[in-house]
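Given next, in structure tokens, is a single chain: the form predicted alone.
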């Protein structure tokens, strides 16, 4: 249920820590709030501390919010406009000065721990623009509906991240030849409050962990990470589901098997290994782990529903990305996919960064139009014009983005 006036007293108490983060301060005396009432600040606004007021809150337990497409127009996503995806309750006041990251697991020669200052002092710093996108971005379009946050298009962003390469830190601990996976553990708490449970503990194969662009980051856009996006330390794996980019990072386990932490087993962040009919029940053994995200694009200007004069050309622009691949062609259609126009497309600033495109469109006569956007990656795979293969968890929707235009 969305946040705002719909929160129950019980849910508010369970989430007092999360709402402290939402308001940007401790809620003093929250236990005395009369049943049925919300703090005025929550009742009167949908604003999340440090975030653009235009973000749309999808869930309050845990807190999740997406960014409308027109607010993602910046080439480098501002921290205030990066979506929020939580599986548990974030730590309320992390102490970055005393924060420790431990590298352990079956496949390292020795366990090592580093403070953030030691990471900064002992390893070279790197900055990359990296696209992160929730695996469930676009879930709202699936039919039959899939359970989970009903993301539309806004669970994506491409900020500039700064930190140290994960591979440098792993190599300093001595990776054994049998290493096949890494898994992370963060400081967020399970919704049940049980200290023995982790809300999420995912990871990536060792080949992804050893890429140059895989970062242990402490900064976003040259500022400390926002609390809701992982302060003081997080992983960033561009082009893969954002759930692999663990926040509030405290431990990395180097594994000699596929990591089996929370939300790595069962059906979590998995899709059917083979296509299935909509509404099918799929056995867990037939579900495969999501790795690189599919090719996708977004129209960020103008905002859907705009009016346009027939006599003037319309500037349309946005971004495109393709997991571990590169986008090589961007196309637009104003006739529901009957014909396509090629849009100029920039190169990525680095691997796993999104690419920018723009084009000026003209319309043949007044009336209602839709602009459809379609990207194609360097293997020739294009976005589908309709919803791609249905899956029970509603992952990997990369259908063409559409906006409405009224030409007058």
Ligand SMILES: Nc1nc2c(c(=O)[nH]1)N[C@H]1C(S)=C(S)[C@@H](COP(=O)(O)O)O[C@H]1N2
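Positions refer to the first chain, counted from 1. Fair warning: this is a prediction, and the values are worked out from it, not measured in the lab.
The discussion below concerns the form predicted in complex with this ligand, not included here.
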Option touching this ligand, based on a heavy atom within 4.5 Å in the predicted bound form, out of 228, 170, 295, 216: 228
Among 299, 271, 164, 242, which has any heavy atom within 4.5 Å of this ligand in the predicted bound form? 242
So, in the predicted bound form, is residue 181 in contact with this ligand at a 4.5 angstroms heavy atom limit? no
Can residue 87 be called a contact residue for this ligand in the predicted bound form at 4.5 Å between heavy atoms? yes
Find out whether any non-hydrogen atom of residue 254 is located within 4.5 angstroms of this ligand in the predicted bound form, and reply yes or no. no
Test of understanding: in the predicted bound form, would residue 259 fall inside 4.5 Å of this ligand by heavy atoms? no
Counting only non-hydrogen atoms, which stretch in 331-339, 96-104, 300-308, 129-137 is within 4.5 Å of this ligand in the predicted bound form? 129-137
Sequence order please: the residues of 186-207 with a heavy atom within 4.5 Å of this ligand in the predicted bound form. 186, 188, 200
